[in-house]
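Following this are structure 1 and structure 2, which are two forms of one protein chain, each written alone as structure tokens.
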Structure 1
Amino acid sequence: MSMLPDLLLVMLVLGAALWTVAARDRRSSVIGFIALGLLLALVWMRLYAVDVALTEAAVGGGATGLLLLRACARLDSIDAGKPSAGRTLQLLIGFCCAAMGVGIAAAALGGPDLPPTLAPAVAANIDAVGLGNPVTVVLLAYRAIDTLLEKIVLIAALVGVWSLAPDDVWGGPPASLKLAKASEPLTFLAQILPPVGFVIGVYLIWNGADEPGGTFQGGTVLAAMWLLVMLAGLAEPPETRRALLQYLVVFGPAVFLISGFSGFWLAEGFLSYPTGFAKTMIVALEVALALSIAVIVAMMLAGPSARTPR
């Protein structure tokens, strides 16, 4: 009887995945993808992987889903009056996707029965870092170079979004956030929700050192609150040419790089922390990275400039 909720969750995940693939309308497919991301967050919760569940809900189902919805809106205006892809091209794309799925499944199922893991080594040395959350220890101590490169990739992605703006309006504010007339429910929500969301975002960032949470989760919540305020017309979207905005985008990765190079003088090498100060430096890094992530995610969802800057 205890397996019934898990079986129901598995059926919902498979149903959402099939809907995402089989839906003929791209917008319906994206909505299915968002539902799939939220269901996968529940799956990770059932597996007691709270950090992964929070990331899946915030980034996988939330931010990525909104980006895809923005892409759908842009494609709808571009594809108006254009013929759709032919049957041959559709079959070729379907075959390639199926082959990729089979390859991933074969790689996942063909590994050793007991895959290698560094979990015991992390557990044995977690006290040396001073953090209580092993996920944060791995991401910002033992695999810090991967985390640094992820943040740099986010900056590159934002530059790619901004580069979509025509030359004559480059540097202006994103026009997609400016509604003709904000609805009263949206305005009311933007007035009462951001203070609560801000506290939750800060809590996730601060709590990530010892409990589930972290920079991505907290930064995404802060970005959502900022977007809500701008969508309701309570704050103007910033011009992408503003120096402060651009400094905030690179602030977190820059602090990460400075901290990494300081390891040559203060510790054992690049991205190393001095003994007794690891937790302090990691918490400071998380705050700086979360601020940059909030700005990057919000600006990516806002899109490129689309009107003449003031």
Structure 2
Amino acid sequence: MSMLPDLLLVMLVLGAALWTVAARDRRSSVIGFIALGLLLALVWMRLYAVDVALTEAAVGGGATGLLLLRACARLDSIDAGKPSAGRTLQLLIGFCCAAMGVGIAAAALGGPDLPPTLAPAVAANIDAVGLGNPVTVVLLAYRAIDTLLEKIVLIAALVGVWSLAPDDVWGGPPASLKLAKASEPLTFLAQILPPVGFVIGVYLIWNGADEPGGTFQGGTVLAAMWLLVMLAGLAEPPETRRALLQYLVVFGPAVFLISGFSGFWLAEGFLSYPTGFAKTMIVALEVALALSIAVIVAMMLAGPSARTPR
């Protein structure tokens, strides 16, 4: 009985994945992908990974979904390329992929009966940091370097997105996100949803220290709400050359860097926190990072500059 929901869920996930690959037009494919993102949030929940479930819902269902849907709308006039492969080749590749799937399943599931794990090590050291959410501890203490570099990856990608602007509009605002058919209900939604979403975003950031949630989930929700306001035409995307925007982009990583270096003097080395202050520092860090993430994600979704700066 307890397996039934899991079985159904897996079937829905694989169905949505097949649809995404096999759908005739790219829009249907994207919609399949968004549905998959929502379903995956449930899968992550079943694997007892609530933090990941929140991330998957916010990114897979929200941010990536909007990104791909807008891309579809803008690519609308361009003909979709047909798969050029013949039926035999398709079958051949399909067979190879199936074999690969079987191989991965065998390699991933065939391990020892008592799989090795770091869970006890995480639990044993968690008191030294003083946070209740082990995932946040891994992200901001044990493996803080990954999180710091991940922010640099985001910034590099944002600069990459910005670099695609034509020379003459560099520094100007991205194309307006205002919907061509912004209807009254939509505008209404864009007015009432952001305050609610803002509270949820802040809650996720704040809660992340002890309960599931955290910077990226909260930051993405904040970004989504800002985008909603822009979609309804209630605000315009800012000029990318604005100093405030640029400072917001680097603010979180800069605070991270400073707190990391302060460990040389205050604690036991780079990226280590002073005893007793770890929780305070991590929560402050999370707030700074979430702010930058919200701006970076929103600007990535808004795209490169498309209008001349004033």
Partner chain sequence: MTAGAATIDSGALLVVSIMLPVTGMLAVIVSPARRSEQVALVILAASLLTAVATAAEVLRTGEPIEYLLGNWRPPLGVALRADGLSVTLMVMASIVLSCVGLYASGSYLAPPDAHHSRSRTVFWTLLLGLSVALNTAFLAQDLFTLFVALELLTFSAVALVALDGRPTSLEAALRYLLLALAGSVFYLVGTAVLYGAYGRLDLSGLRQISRDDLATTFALSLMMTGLLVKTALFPMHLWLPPAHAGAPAAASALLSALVVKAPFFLIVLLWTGIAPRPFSVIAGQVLAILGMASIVFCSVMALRQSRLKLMIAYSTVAQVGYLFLVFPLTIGGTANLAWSGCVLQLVSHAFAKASMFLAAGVIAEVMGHDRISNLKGTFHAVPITLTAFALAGLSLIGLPISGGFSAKYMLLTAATEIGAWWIAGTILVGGLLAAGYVFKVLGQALAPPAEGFAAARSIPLHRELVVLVLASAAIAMGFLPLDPLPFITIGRMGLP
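Superpose the two forms; the largest set of C-alphas matching within 1.5 Å is the rigid core. Predicted model, so just to flag it, every value in this text is computed and none were measured. Structure 1 provides the reference sequence; residues are numbered from 1 along it.
S.K.: Pick one: which is the form predicted together with its partner chain?
M.R.: Looking at both copies of the chain, structure 2 is the one that matches the description.
S.K.: With the core lined up, does the C-alpha of Arg70 move 2 Å or more between structure 1 and structure 2?
M.R.: After core superposition, the displacement of the Arg70 C-alpha between structure 1 and structure 2 reaches the 2 Å mark, so yes.
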